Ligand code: BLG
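This document opens with one chain alone, in structure tokens, the form predicted on its own.
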């Protein structure tokens, strides 16, 4: 009897202790999303791989959304971890998954359908949806003009929602949604006449229009809208409150305005500056820096005229130039590259040329041994512009197309594909402005050819005196000799 009583008492104490433990455990609150981010030391963000959001160039990771969200991560004191979604549906679907991204920064616009999935932050950028058509074709001027046109938009985009609403009013309206393209693909398709129309936001058009000379705005499709970041739905607003506080502060202290100016305030495109201007600069600017080009070319064992051609393409031989992306000086070095090359003052032309020469030869030396001259030089120039990673992506695409990955003529056909989603989604480093290195190399080769010609001993005196005729450059001088093009 005594034994059974003692056993019952022990069981009762055990049950009480267990119940108390469970009760106390239930009272312990789970850490908030913000607390988890800080504990992990990582802010996981999902975005789109596009020029207006996030991509990698020769300077590393860049893009308007990347720059902004990186500042937010720095404010939190954590590392930024970026992943890219293949399409918008995937982007929204990834939010809130265990160990997944906690924030989407991808040029998103709030609407009723999306509000059922996510929460949106305060706005940070005002954009206007625009109907885009090809110059030379009939220009639509109002929504009803879209009927009967071949139209394509991003699948799951707010523009697709707009067209769905318009279709209720005009049932004959037809359009295609695609998750195999990005905005740059849509603009290219309009430019080339593959589709009649598309819808894009004004900021993305401003950033890309220079690359598509036939693209025009038909009309604004509705009122301006606000772009926002998105977070997983739920009652936990800890991270959302922190995001809103950051965006409000960025608006007040000018951070947002500076980023808008940097990415959308200028036209940034590589182009041939004009033969006549080059002839003038040969006489007026090059003599100031020629000794530095020759000196450091000798150290690095590279043709000084090639270095000079790079310097002209980068800055037109202007030592105090600063680009909107922060690269500076005659050879337009990034801060990181300058430090790595031992350059303390990027605006000092001597140091800039020294750093540029060293950096170019470093890139060239790191190329695959299977790439031989003269292609090796053209590959190095392309990598100097777009980055070695993207160059390797283009070589990989060349292999898949049964082309020679060691020949510039073949690889330069592949580089523009790096700006097309159907191709860059297959690559390691993703989106790049692949057309730029092609123009970059072509321009430098032309400058180099002219420099090679005009620096022949029998002609150098004529350059200094301004009496030299360069075929295709200064037409008022009689032709005496043709450059080796």
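Everything quoted here is computed from the prediction, not taken from an experiment. Positions refer to the first chain, counted from 1. What we label the rigid core is the largest C-alpha set whose atoms superpose within 1.5 Å from one form to the other.
Omitted here: the form predicted in complex with this ligand. The next part is about that form.
Among 249, 144, 291, 324, the residue placing a heavy atom within 4.5 Å of this ligand in the model of the complex is 324. This chain is drawn without this ligand; in the model of the complex, the residue among 244, 117, 334, 406 with a heavy atom within 4.5 Å of it is 334. The candidate stretches are 316-324, 176-184, 90-98, 118-126, and the one lying within 4.5 Å of this ligand in the model of the complex by heavy atoms is 316-324. Contact check for residue 296: every heavy atom lies farther than 4.5 Å from this ligand in the model of the complex.
Interface membership of residue 107, defined by any non-hydrogen atom within 4.5 Å of this ligand in the model of the complex, is ruled out.
Although the partner is absent from this view, residue 349 stays clear of this ligand in the model of the complex, with no non-hydrogen atom inside 4.5 angstroms. Heavy atoms of residue 417 never reach within 4.5 Å of this ligand in the model of the complex, leaving it off the interface. Residues of 80-94 are not found to place any heavy atom within 4.5 Å of this ligand in the model of the complex.
Relative to the superposed core, residue 111 undergoes a Cα shift smaller than 2 Å between this form and the one not shown.
When the rigid core is held fixed, the Cα atom of residue 389 travels 2 angstroms or more between this form and the one not shown. Relative to the superposed rigid core, residue 334 undergoes a CA displacement of at least 2 Å between this form and the one not shown.
Note on residue 79 and residue 384: their C-alpha atoms are more widely spaced in the model of the complex, a change of at least 3 Å from this conformation.
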